[in-house]
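Below sits a lone chain in structure tokens, taken as the form predicted alone.
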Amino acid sequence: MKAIQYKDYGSSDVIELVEVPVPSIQNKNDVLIEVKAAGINPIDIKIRKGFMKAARPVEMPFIPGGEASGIVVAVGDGVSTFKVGDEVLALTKTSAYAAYVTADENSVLLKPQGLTFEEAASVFVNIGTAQSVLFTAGKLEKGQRVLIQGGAGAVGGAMVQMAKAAGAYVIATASGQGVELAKSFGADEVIDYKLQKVTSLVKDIDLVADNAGGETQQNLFPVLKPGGKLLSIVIPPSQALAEQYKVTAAFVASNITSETLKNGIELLKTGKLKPVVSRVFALKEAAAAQDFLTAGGVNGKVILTVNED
């Protein structure tokens, strides 16, 4: 089968299109999936560059990719939820940039009707991360005010829609074409951060969801009300500033399980959450796809499509 692989850490130049054997069922709970599309996430790039060696060491040669959609072609003896022919989406953790991949049954969901394979490959990490930040850690409630940094991005867009569905007052930041996209997600206010100063326009926020990090993150503390929360998926926030402004600040690692996905999947089924695919690349264009995401300013999810023909 065709797969994307690299033999050492480095720039996107290390990425190769190779032929490797089709994976086989190894455990009773394994599901073998013919991949139709795979999502590209920032962590894929961090792993490739070697930034995650301590937390996520990998064995070379390595096939990247943590989420996929496709069709079930085989199941282990212990699998009862899925059958051959089912259209599914899966959190694979690795090896999704390939024509076939295995995943544990507990990390696989039936593809909601109405979603394309490209859309289905875009939602697992997005909604799992949004749920972890907004509700598991953020305890967001109806009527609260939330500021979402990067409200037109893949994760930020899911956050806007899920927060709005929960009855929160949603303020999002975006730029360029992303401003209209964030508005289409249902944000009550959208601030073009390249033209406007967030700290002069926003105050009394219950929860800030930071998808940007850096100096931008430090400037967000003043918009919080005392007792509010600043939660980041990028870098740990300053505890000194948290004490100064009398707020809670923390880094949130995504906890993506079938339980944390329930809310988002239900919203997908009811049409209250719509996935947004920014751009689709062919599997052989994986290096260009990762570079496209790395360049920044991406509104929505970057996807690889897999076609063995």
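The first residue of the sequence shown is number 1, and the count goes up from there. Predicted model, so just to flag it, every value in this text is computed and none were measured.
Although it is not shown, the form predicted together with a small molecule is what the next lines describe.
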Which pick from 103, 140, 233, 205 sits with a heavy atom within 4.5 Å of the small molecule in the model of the complex? 233
Of 190, 91, 72, 155, which residue is found within 4.5 angstroms of the small molecule in the model of the complex when only non-hydrogen atoms are counted? 155
Contact between residue 216 and the small molecule in the model of the complex at 4.5 Å, heavy atoms? yes
Evaluate residue 238 for contact with the small molecule in the model of the complex, applying a 4.5 angstroms cut-off between non-hydrogen atoms, and reply yes or no. no
Look up in the model of the complex whether residue 175 has a non-hydrogen atom within 4.5 angstroms of the small molecule, and give yes or no. yes
Residue contact check: residue 263 to the small molecule in the model of the complex, 4.5 Å heavy atom: no
Listed range touching the small molecule, judged in the model of the complex by heavy atoms within 4.5 Å, from 108-116, 206-214, 73-81, 91-99: 206-214
When the small molecule is placed as it is in the model of the complex, are 14, 61 and 289 each within 4.5 Å of it, taking any non-hydrogen atom of the residue? no
